[in-house]
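In structure tokens, one chain follows: the form predicted on its own.
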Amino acid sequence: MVEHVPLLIVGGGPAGLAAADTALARGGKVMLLDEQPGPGGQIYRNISDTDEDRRKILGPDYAQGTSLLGVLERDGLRYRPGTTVWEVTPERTVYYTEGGQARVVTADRIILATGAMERPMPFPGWTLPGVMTCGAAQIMLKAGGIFAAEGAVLAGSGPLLLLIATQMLAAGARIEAIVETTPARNYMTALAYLPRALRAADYLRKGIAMTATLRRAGIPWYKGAHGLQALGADRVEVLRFTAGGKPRELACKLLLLHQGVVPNVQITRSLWLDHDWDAMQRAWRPRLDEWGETGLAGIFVAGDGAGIVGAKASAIQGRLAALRATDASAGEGAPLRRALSRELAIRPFLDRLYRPAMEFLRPGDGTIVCRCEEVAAGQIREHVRIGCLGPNQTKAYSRAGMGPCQGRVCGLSVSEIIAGARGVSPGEVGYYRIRPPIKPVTISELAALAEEDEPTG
């Protein structure tokens, strides 16, 4: 049976929860589909079930997520956690799986609040057991209070690298070292954006406070690291790199990587929406109007899936999209736009400061880029030399992007490598052509849908 709802929201993070809150306050009826078992998305994961001690460990920014939980008690909301959306059509029909059962819902308006995912950080040895992302470690800490019993080395760049380090420290974990890969030149080029960033001085103060906490802990901190290699027989044992003009080696049983986050554009790509290359964030973002509406009327994008903005700005974007989706007047969005402008003041500074080093955007020939199909960067460059112009052709040449992750991990890297080999911008190279289902779905689920559609009598 096909259900119909006035407003459907995909994603239960800050953008999705705030959008639902605004729509319900205006008398709307909302269905919220959330892949996670509970509300909060990645940034506020497990916020409804986290005890006070863990909230203190994760910090006040995480605890702020509780302010969004009231929406779950509102009349008019149908909250469906543990659901996986695997197709959204231009006609606003959504296919999803819940409890092993495929279902269909249509909507007058849809807000996609699918958030971000961690940028891949390919370098020699990054596929070894014992190497994982900082985001994965943070998920374990938020979801179950689990952190590494053995000392960890954190490597990479970006605010989350500092945040997860301070959270691990507060949880009593041992951090062996921080290996920061932010290029030294980034500090100089970011200065041009500092005056604007002062409008959001709270973010700067938080960064300074986290740095001071880690320094006081006496954690070895290597800046400007490059030439990273993870070495080991059956798992990571050593991290090799150069910092301060000297080659270095660190014994390492757990290596946590981070190189920033990028918008999750799988659904918007599958809808064939226009996307623009963001040279500052080195990622794609869907083209939207001032409300967050896409080129398909009635379909909106809010939060980090529209470009990395952070939790507070994501919530504001969710509210703006919900206003428009519930037919608000043009003037009703003005206060939210002013608040959004203040929140976004920090972004150009952060984007320029933590712009990834080229060795991770366009790794060396021997580095595996597509983990699913074990395709190395050198293979992709060889394809370019014999006529491959874009990522979609690499599927035919090498199967890159055809594994279980459907290009989520390798997509940006493949575009960057091809762009470098061709001497053009990734914007000219393009991205994978994403087709539904965008998440795995079983044949039995599809068959059950077909049986429901069969005429009776």
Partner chain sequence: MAKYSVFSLVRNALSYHENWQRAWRSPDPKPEYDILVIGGGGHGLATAHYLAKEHGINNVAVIEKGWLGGGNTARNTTIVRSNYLWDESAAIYEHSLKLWEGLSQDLNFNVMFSQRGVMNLAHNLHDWRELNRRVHAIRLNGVDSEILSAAQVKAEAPILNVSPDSRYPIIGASMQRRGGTARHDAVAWGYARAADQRGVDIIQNCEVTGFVINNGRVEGVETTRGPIKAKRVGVAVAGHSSVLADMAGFRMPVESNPLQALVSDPIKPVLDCVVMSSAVHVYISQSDRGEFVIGAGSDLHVSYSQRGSFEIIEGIMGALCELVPMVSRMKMMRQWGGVVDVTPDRSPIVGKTPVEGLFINCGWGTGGFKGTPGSGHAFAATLAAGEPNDMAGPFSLDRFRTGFLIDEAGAAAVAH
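Here the structure is a predicted model, which is why all the values come from computation and not from measurement. Numbering follows the first chain given and starts at 1.
Another form exists, predicted in complex with its partner chain; not displayed. Remarks below refer to it.
**Student:** Is the gap between Gly403 and its partner chain in the model of the complex 4.5 Å or less for some heavy atom pair?
**Tutor:** Judged by the heavy-atom cut-off of 4.5 Å, Gly403 is in contact with its partner chain in the model of the complex.
**Student:** Determine whether any heavy atom of Ala25 comes within 4.5 Å of a heavy atom of its partner chain in the model of the complex, and answer yes or no.
**Tutor:** Close contact is absent here: in the model of the complex, Ala25 is far from its partner chain, nothing within 4.5 Å, heavy atoms only.
**Student:** Does its partner chain get within 4.5 angstroms of any non-hydrogen atom of Trp221 in the model of the complex?
**Tutor:** Because no heavy atom of Trp221 falls inside 4.5 Å of its partner chain in the model of the complex, the answer is no.
**Student:** Under a 4.5 Å heavy atom criterion, is Arg185 part of the interface with its partner chain in the model of the complex?
**Tutor:** Arg185 lies outside the contact set for its partner chain.
**Student:** Within 4.5 Å, heavy atoms only, which of Glu359, Glu87, Glu332, Asp108 is in contact with its partner chain in the model of the complex?
**Tutor:** Only one option qualifies, and that one is Glu87.
**Student:** Which pick from Glu91, Glu290, Asp234, Asp274 sits with a heavy atom within 4.5 Å of its partner chain in the model of the complex?
**Tutor:** So the residue touching its partner chain in the model of the complex, by this definition, is Glu91.
**Student:** To test your reading of this chain, name the stretch in 390-398, 40-48, 61-69, 408-416 whose heavy atoms come within 4.5 Å of its partner chain in the model of the complex.
**Tutor:** Stretch with heavy atoms near the partner: 390-398.
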